[in-house]
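Starting off, we have a lone chain in the form predicted on its own, written out as structure tokens.
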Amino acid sequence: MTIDHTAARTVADPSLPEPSAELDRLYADFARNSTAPLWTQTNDLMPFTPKPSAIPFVWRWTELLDIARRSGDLVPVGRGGERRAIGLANPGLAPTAYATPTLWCAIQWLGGHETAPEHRHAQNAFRFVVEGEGVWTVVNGDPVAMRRGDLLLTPGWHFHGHHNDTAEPMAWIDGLDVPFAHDMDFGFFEFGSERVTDEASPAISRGERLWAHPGVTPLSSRGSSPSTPLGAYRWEATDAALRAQLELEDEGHPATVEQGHAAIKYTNPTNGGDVLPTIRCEFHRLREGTATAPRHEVGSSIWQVFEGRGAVVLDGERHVLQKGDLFVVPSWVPWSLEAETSFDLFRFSDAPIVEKLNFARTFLSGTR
């Protein structure tokens, strides 16, 4: 480790020591003992605002689908790779395949009549479907249908696999807390069944039959759980909730987060909290012509356009978006949305981590 103590001396901080031969020997001893003085690295360790290595970035759905389809032609889905999943690698975090320092996102492709074998891991995961159907994800033995607009949950250490009952391939996005678990040395992994433990294809999973009833909780429940016991949050319910918010706004009642901007958070029915302990999932709908206020937020998020056309402004750069496109907002990077048509977007973030550790902070342009 080499420390340039002369470069660390600035007009703003004249209290730093004067260069000398004795100081050089002291710095050499710091390095020899694997130590580093705080006064040479304060600007890196304690910046005035977050300075993320991750950069704002947009991935185009049409291009992702193309490389996923070609992967389906060339790469098997069985043991070894386990999944035909293609991670979205943020250029600012190379060489890792992380989308942000805490979140991993991938497009997964399953061919007609293929089965992805079961496994489980400590990392929490979900799937979101922007188009298609015909695949069931089997979570702890419960087959859950995957359809357009559905959010599917796989909490940590739950066995899960997928089977495609049709001749047509299907693609979706996966979101996990892989970077957080990996860099904190929290990860475990275990192989499961070579296929799936239940190859049935029910319209409604057992978890939904027990938990997907608004406003009621089964008395057989053992109380609050850290992750949702509900395997699927269906598009029909999400769409109805967003539609109702905008209808109430039309009637003059407070219901939306901003004028013309409806939004929901998917919640854990056992406690009203987030569906996963490390990941927040949301859905946003903007009326045609709506623009959101620019904002900075501590923590990072990834968005996917579900329907409509619009744009995102990331750190002052405007990106036109259409169905399926994904973009990443690193911590404290300013962002805002613009809706050309009615504009639907799915979002997931590391907000539960940020909030539990009391680091949450938001700045809206024009406010203090």
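Definition used throughout: the rigid core is the maximal C-alpha set that superposes within 1.5 Å between two forms. Given the structure is predicted, the values throughout are model-derived calculations rather than measurements. Residue indices: 1-based, along the sequence shown.
Beyond what is shown, the protein has a form predicted together with another copy of the chain; the following relates to that form.
K.L.:
Have a look at 112, 132, 229, 277 for me and say which one sits with a heavy atom within 4.5 Å of another copy of the chain in the predicted bound form.
P.N.:
By the 4.5 Å heavy-atom cutoff, the listed residue in contact is 277.
K.L.:
Would you confirm whether the three residues 173, 317 and 318 all fall within 4.5 Å of another copy of the chain in the predicted bound form, going by non-hydrogen atoms?
P.N.:
Contact check failed for every one of 173, 317 and 318.
K.L.:
Given that another copy of the chain is not shown alongside this chain, does residue 145 nevertheless sit within 4.5 Å of it in the predicted bound form, heavy atom to heavy atom?
P.N.:
No.
K.L.:
Does residue 196 reach another copy of the chain in the predicted bound form, with heavy atoms at most 4.5 Å apart?
P.N.:
It does not: once another copy of the chain is placed as it appears in the predicted bound form, residue 196 has no heavy atom within 4.5 Å of it.
K.L.:
So, residue 178 and another copy of the chain: in the predicted bound form, are they within 4.5 Å at any heavy atom pair?
P.N.:
The answer is yes: residue 178 has a heavy atom within 4.5 Å of another copy of the chain.
K.L.:
How about residue 308 - does it come within 4.5 Å of another copy of the chain in the predicted bound form, if we only consider non-hydrogen atoms?
P.N.:
Residue-level check for residue 308: no, no contact with another copy of the chain.
K.L.:
Using the arrangement in the predicted bound form, list in sequence order the residues of 91-128 with any heavy atom within 4.5 angstroms of another copy of the chain.
P.N.:
The stretch 91-128, when checked against another copy of the chain in the predicted bound form, contributes 91, 95, 96, 97, 98, 101, 102, 104, 121, 122, 123, 124 at the 4.5 Å heavy-atom cut-off.
K.L.:
Given a core-based superposition, decide whether the C-alpha of residue 38 shifts by 2 Å or more between this form and the one not shown.
P.N.:
Shift of 2 Å or more: yes.
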